[in-house]
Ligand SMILES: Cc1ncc(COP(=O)(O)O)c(C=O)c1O
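Presented as structure tokens, the chain that follows is alone, the form predicted alone.
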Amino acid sequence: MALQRSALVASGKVYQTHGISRRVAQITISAIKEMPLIASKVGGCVSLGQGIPSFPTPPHIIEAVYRKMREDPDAGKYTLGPGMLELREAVALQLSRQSGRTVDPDKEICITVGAMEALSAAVLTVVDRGDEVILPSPNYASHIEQVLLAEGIPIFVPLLEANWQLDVDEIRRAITPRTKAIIICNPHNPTGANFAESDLRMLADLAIANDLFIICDETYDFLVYDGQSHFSLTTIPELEGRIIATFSFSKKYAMTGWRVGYVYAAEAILDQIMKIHDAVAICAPSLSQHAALAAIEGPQDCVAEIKAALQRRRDLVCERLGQLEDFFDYVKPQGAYYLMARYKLPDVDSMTFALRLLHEARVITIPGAAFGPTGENHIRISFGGAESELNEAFDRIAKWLADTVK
């Protein structure tokens, strides 16, 4: 049977919004989270969906937390709001080395409940109702909802689909008197792009010339492939006072469930971010902060092993997609562990395509439309899973395509 366009929605649930605030009623749960929820009811699915690496948290991190819990009766209590001083000092030292200038652990660093809290707090701090925020498209789905939650207006600027790089000229043309900020995730979720230093420097010049904030999501700063380097906007001193950078321990140290990250910003900005942090979180989980400290101070060979394994998985997924070239086009990822695959089936929206893969092939992917308008007609594939899972997923996709598409 040929694929047909469908009116299916992800969950089929009708939400009651009477009495609910406009800022909440207008946002949605990310398809990244919703597709695994649907799959849990379908059963027997393998995942190319949510970005959860298969690796266990390294043993030295777990042992450090065990030891802290046994030996320190205060280990399970609140920390200071900005986080444990030892952890802030460790991340400030690391960031100082990366950025080339001294970062103050007392005034410029706050430990957060993952990078997600840091990003949400950053957006809520600088975006007012009606402010425009420029988002490259495709763009990480939660950035879109964070802007909407702040009652801002997402302005989508397409990436160059030939290589998923920034189109700086289009970003320049998208700036208006209402533009307040640009959000950049680099390396990029969902495309796997590693943005060029020259483009990022031009982006910084635009922000300075137009008095804009840049919110940087650097969750995957360690994860670039093929001997490439990662360029961080935190290295540009002229951006001080207008850059808010967020970082995560989740992917680098296989700590997604520990929920710990941090935000870096100038003191005047961080003072305001701290208001939101205090109102919604008080502090990051204390045991997770001890785990993060052990991660930074412990051996780093685990990071190299994770990176090497993910490069092998990237190559495997590209090989399997290459075997399905009649059905998919893609750009080889340069970083992170995602790619956007454009399917060649006509008249099928990405939500319909992803739902049929889920229900009929038992494979979880994320519909490209969740990542902004340029994501339509794509699915996002995560290659964070074990190689056996990746092969099983592509075996199922290949069989489904052979049986379904005539």
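Counting begins at 1, following the sequence as shown. Predicted, not measured: the structure shown is a model, and the values here were computed from it.
From this point on, the text means the form predicted together with this ligand, which you will not see here.
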Partner contact check in the predicted bound form: of 308-316, 321-329, 197-205, 245-253, the stretch with a heavy atom within 4.5 Å of this ligand is 245-253
Interface membership of Val263, this ligand in the predicted bound form, 4.5 Å heavy atom rule: no
State yes or no: in the predicted bound form, is some non-hydrogen atom of Tyr338 no more than 4.5 angstroms from a non-hydrogen atom of this ligand? yes
message = Residue-level question: is Pro82 within 4.5 Å of this ligand in the predicted bound form, judged on heavy atoms?
response = no
Is there a non-hydrogen atom of Gln289 within 4.5 angstroms of a non-hydrogen atom of this ligand in the predicted bound form? no
Answer key, this ligand contact in the predicted bound form at 4.5 Å (heavy atoms) among Ala284, Val147, Leu119, Ile183: the residue is Leu119
Restricting to 188-216, the residues within 4.5 Å of this ligand in the predicted bound form through any heavy atom are Asn189
